[in-house]
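Take a look at this one chain, the form predicted on its own, written out in structure tokens.
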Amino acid sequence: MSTPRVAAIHDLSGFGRCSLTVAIPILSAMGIQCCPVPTAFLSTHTGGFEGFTFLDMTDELPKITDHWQSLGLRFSAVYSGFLGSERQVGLVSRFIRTFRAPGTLVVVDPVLGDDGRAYRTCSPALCAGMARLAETADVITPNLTEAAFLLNRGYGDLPRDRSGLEDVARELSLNGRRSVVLTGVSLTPGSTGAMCFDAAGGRITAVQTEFVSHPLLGTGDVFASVLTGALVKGAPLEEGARQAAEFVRQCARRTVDQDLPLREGVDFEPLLGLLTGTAP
């Protein structure tokens, strides 16, 4: 493929920057064709909105898989995020099995919750299913809440010091079988970033940047999308995480400076030009 191609399996929210409305423009800006596979259509995302619509796209997933297989499509990466139901876990797993080939990167962002709580659409069955799906990934990008769910541990029981977070990243790697980018990690006051376990060499590194002290929605989707794009274009894991963290920082700073409503997400569109030259 002259232009890398990524299958992005996420929900589509009509308003509020998250999921596919983040992944499509970010990957496109990075010179990658983004092929969306919507798991659900919502009128808005679920953070800060009431009365949102929710159209379950579960029945479409096997049809998309079969049609794309019949076309002989190939992908540089498969990148999954929010799932609308536990039933979708098996269908996304089938999609990955169908399109995984030598060199195909599988990134699973296990979208389950934040701040120690599950999202309102995430049932216990979906949480368990997401853990199974993550076992198929080459790279996972959980935040601390999602890490606790994946490890079946209490959110408050996770360590916050560097040594303890390195142990969490190792544990999430399934004995080194997959790379881990654990997000929302703060090692010093006023900083935030990620703890990275690179399965290629077993090396653990930390990426830190300025913490913008303001609640923001959608930063995880921005981070995971930039990281996926950087990895597809050949960046090492640590460098991809660094690019993602820095872009999130700049978007967060712009959003706060403009005093935009929390539920609208981060104002990233005017900064997409920063991504056009990233990675090899």
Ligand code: PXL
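Predicted model only: the values in this text are computed from it and were never measured. For every residue, the number given is its place in the sequence shown, counted from 1.
There is another form of this protein, the form predicted together with the named molecule, and it is not shown here; the text below is about that form.
- Using a 4.5 angstroms threshold between heavy atoms, Ile64 stays clear of the named molecule in the predicted bound form.
- The named molecule is not shown here, and in the predicted bound form it never comes within 4.5 Å of any heavy atom of Ala23.
- Contact annotation: Val111 falls within 4.5 Å of the named molecule in the predicted bound form, judged by heavy atom distances.
- Although the partner is absent here, Leu217 lies within 4.5 Å of the named molecule in the predicted bound form, judged by heavy atoms.
- Residue in contact with the named molecule in the predicted bound form (any heavy atom within 4.5 Å), chosen from Phe95, Phe197, Phe75, Phe82: Phe82.
- This chain is displayed without the named molecule, yet in the predicted bound form the stretch 42-50 from 227-235, 65-73, 24-32, 42-50 comes within 4.5 Å of it by heavy atoms.
- Contacts with the named molecule in the predicted bound form, taken as any heavy atom within 4.5 Å, map within 3-42 to Asp11, Ser13, Cys18, Ser19, Leu42.
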